[in-house]
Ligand SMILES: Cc1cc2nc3c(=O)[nH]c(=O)nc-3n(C[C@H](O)[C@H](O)[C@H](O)COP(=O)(O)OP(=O)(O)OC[C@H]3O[C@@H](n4cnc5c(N)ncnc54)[C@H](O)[C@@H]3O)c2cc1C
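Consider the single chain below, provided in structure tokens and representing the form predicted alone.
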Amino acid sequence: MNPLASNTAPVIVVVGAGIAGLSAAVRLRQLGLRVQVMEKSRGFGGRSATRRIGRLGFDHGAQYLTVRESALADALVPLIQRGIVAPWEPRIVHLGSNGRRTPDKEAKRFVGVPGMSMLGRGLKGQSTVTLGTEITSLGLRSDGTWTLFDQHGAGYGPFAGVIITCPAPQAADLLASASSKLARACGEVEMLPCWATMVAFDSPLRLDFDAAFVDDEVLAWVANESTKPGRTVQPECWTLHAAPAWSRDRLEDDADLIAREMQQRFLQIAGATSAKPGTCIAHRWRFARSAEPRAHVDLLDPVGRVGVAGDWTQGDRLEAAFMSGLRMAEELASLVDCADR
């Protein structure tokens, strides 16, 4: 059993160290609860990730963070002061397949420095996170607490409550034997995939934009990583995100083929067909976003003290992930008997 849960109760466990999970963990600690975070990968931040290829860096998942909620603005202040989050002010346009460009007037954007992965590391704070541990099942104990089991059959607990922050289909599988209500709600959510291609050019493309929302059958977003603070300027690095329908239809295709087709389409739309790419690698995000982002979804089982959080429960932005984790932490904490604190 987990030694961290062996003395002072209650302990809440958060499954997933993405932005929603880290936000929930920090808020639970602020509310006086002990927290254990379990993460199957080797890092923090989920899709707020940076791929390193030699000395090159690509934010191949979430590209930036916009801030509308005061809670997130407050959380970013110390990260900005430490220099691990900074504003990004790119020339952003909307591109049609006919090459038409119109300016974009989105809210102010922030990025991690020197990569988006720093956002997760910064938000982690003092939270205890166990990496490389995939939780595969939950077991309810006779006293109403929970034991979690990993891919090797090892048990962790007891826990007074559980917050699941993985993508909806994975959450549905994990909750199948723990909460039929939540499993059913998660199972009804359709998640869309996204192919991301990372491409570097030895010579600058000299385009009149740094990033673009693309109205195209193949591409949905392109961004010059080299314009972000703290990045490698030369070679010029671009991240390309494919359109959801195209990604779904090509989900099981060869990654090298996907990379070539995406970079060729980008150069065609950008009007830079003579450019010669060097590095060109594709990455598949199987659960990138919800097909229908929801304003709010009730994903709390008050009887079992089990909740679900993630960007897909409130929208498809990083801020939605952060706020969903914070709000679920507050809801779950309210169910814990004050006498047990």
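What you are looking at is a predicted structure, and each value in this text was computed from that prediction instead of being measured. Numbering starts at 1 and runs along the sequence shown.
Omitted here: the form predicted in complex with the named molecule. The next part is about that form.
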Query raised in the report: If you check 223, 199, 262, 135 against the named molecule in the predicted bound form, which one has a heavy atom within 4.5 Å?
Result: 135
Report task. Heavy atom within 4.5 Å of the named molecule in the predicted bound form: which of 326, 318, 11, 332 fits that? Just give me the one. Result -> 318
Query raised in the report: Do residue 166 and the named molecule come within 4.5 Å of each other in the predicted bound form, heavy atoms counted?
Result: yes
Report task. Indicate whether residue 147 is a 4.5 Å heavy atom neighbour of the named molecule in the predicted bound form. Result -> no
Query raised in the report: Is residue 19 close to the named molecule in the predicted bound form, meaning a heavy atom pair under 4.5 Å apart or at it?
Result: yes
Query raised in the report: Applying a 4.5 Å heavy atom distance criterion, does residue 170 contact the named molecule in the predicted bound form?
Result: yes
Query raised in the report: Heavy atoms within 4.5 Å of the named molecule in the predicted bound form: which stretch among 26 to 34, 299 to 307, 47 to 55, 270 to 278?
Result: 47 to 55
Query raised in the report: Hey, which residues along 55 to 77 are within 4.5 angstroms of the named molecule in the predicted bound form, non-hydrogen atoms only?
Result: 60, 61, 62, 63, 64
